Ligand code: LLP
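Next up: a single chain in structure tokens, the form predicted on its own.
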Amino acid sequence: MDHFIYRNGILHAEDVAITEIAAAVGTPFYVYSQATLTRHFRVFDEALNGMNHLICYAMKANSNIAILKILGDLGAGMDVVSGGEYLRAKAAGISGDKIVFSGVGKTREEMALAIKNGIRQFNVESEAELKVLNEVALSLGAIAPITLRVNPDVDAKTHAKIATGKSENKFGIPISKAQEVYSIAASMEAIDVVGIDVHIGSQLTDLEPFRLAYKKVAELTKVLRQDGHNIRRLDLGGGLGIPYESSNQSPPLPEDYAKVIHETVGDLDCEIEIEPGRLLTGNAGLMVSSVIYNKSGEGRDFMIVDAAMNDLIRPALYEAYHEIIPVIESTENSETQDYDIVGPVCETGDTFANKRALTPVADGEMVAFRSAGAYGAVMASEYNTRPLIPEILVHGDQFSIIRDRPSIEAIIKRDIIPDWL
């Protein structure tokens, strides 16, 4: 469920008309619903009732500080994958003891930043990283709390570019080597082993891969405890999918996912950490764009919009589907026709949809891309010297710009011409 609905024939975000936002900021832009974010978090949190747990939002999905503050105020921790994300979380008021640091390539500088300013745990992904983390912590006279991310070799049955739990993926330590690496970690002076971490991929629409992975984690927990490790925390990652195609997708509900956790690791007396990202923010956002031209081609019609692949790269990168709807509601008897919806960037890959059945939208009118709240704005670029588009937050009948559109002049001024030119 989200809070984007038609009222009097105009698409609204909560109680604000999309046309009103467009008049104030121009198109294209992202718009997020605070009510939807709040609802998604609470539904997920309530599904985990009865378990000692912390939801650590995977902020790579959408790292705007306003979004982080909303979720932090609801009780969320944060899962970060860079020093920049760590500082964003701190700027949003998240305390260090609620921040988990993931990622395969943490630098010494990032490790020191987190240790000095507070960290819940590092999710360590290799023996090399473990060694460096111990050295950094020793140099600071500190103890670094860690989990080891194990790779369970489970096929998440998702897009190849967002699968992370198979043996050929770059993430984690092979589960077959876990005992050995945990023994090494326990011998290190500045390392405190607190638990196990696993994450098998993103946009999962089947619970069975989670079940298989978590059973392996449960078995490993028992083995490690027998070896003398105080395993008291299980970071089970994120990855639960959302419905991008409302007509034919129904991913598992958070309560069904929670049942899998109960059934597989619920008897281990461990604190459970979950790292949802897309699940919380994906359907809480739209990207809104204006039609520049309708163009008839050889055997197909094009709808050219003012958003482009640099604004929303998921279709070009993952062949991802986003439902596209008119901002001015179609009438019940409106006929549809097939369009290729494309942007103005000079790439054939700048295509949002091929042969998508839509009611005609006239030049100058607007369309909205649904389910754009995750991996939209955060993956955007300034390719073709196109400014990053604004982000808008709606709360009831109010809206606020939470990231402004930079001017082209400001973009150009960042470049520096050397003295010798």
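In this text, residue numbers run from 1 along the sequence as written. Everything quoted here is computed from the prediction, not taken from an experiment.
FYI, the form predicted together with the ligand isn't displayed, but the following is about it.
For the residues L48, I65, A35, M379, the 4.5 Å heavy atom test against the ligand in the predicted complex is passed only by M379. Though the ligand is absent from this view, in the predicted complex it lies within 4.5 Å of a heavy atom of just one residue from T221, T147, N310, Q203, which is Q203.
Within this chain, G277 lines the site of the ligand in the predicted complex, having a heavy atom no more than 4.5 Å away.
Proximity of S102 to the ligand in the predicted complex: non-hydrogen atoms within 4.5 Å are present.
The closest non-hydrogen atom of K90 lies beyond 4.5 Å of the ligand in the predicted complex. The closest heavy atom approach of K60 to the ligand in the predicted complex falls within 4.5 Å. Proximity to the ligand in the predicted complex holds for all of H199, G239 and Y375, with the criterion being a heavy atom within 4.5 Å. Heavy atoms within 4.5 Å of the ligand in the predicted complex are found in exactly one of 188 to 196, 90 to 98, 268 to 276, 288 to 296, that being 268 to 276.
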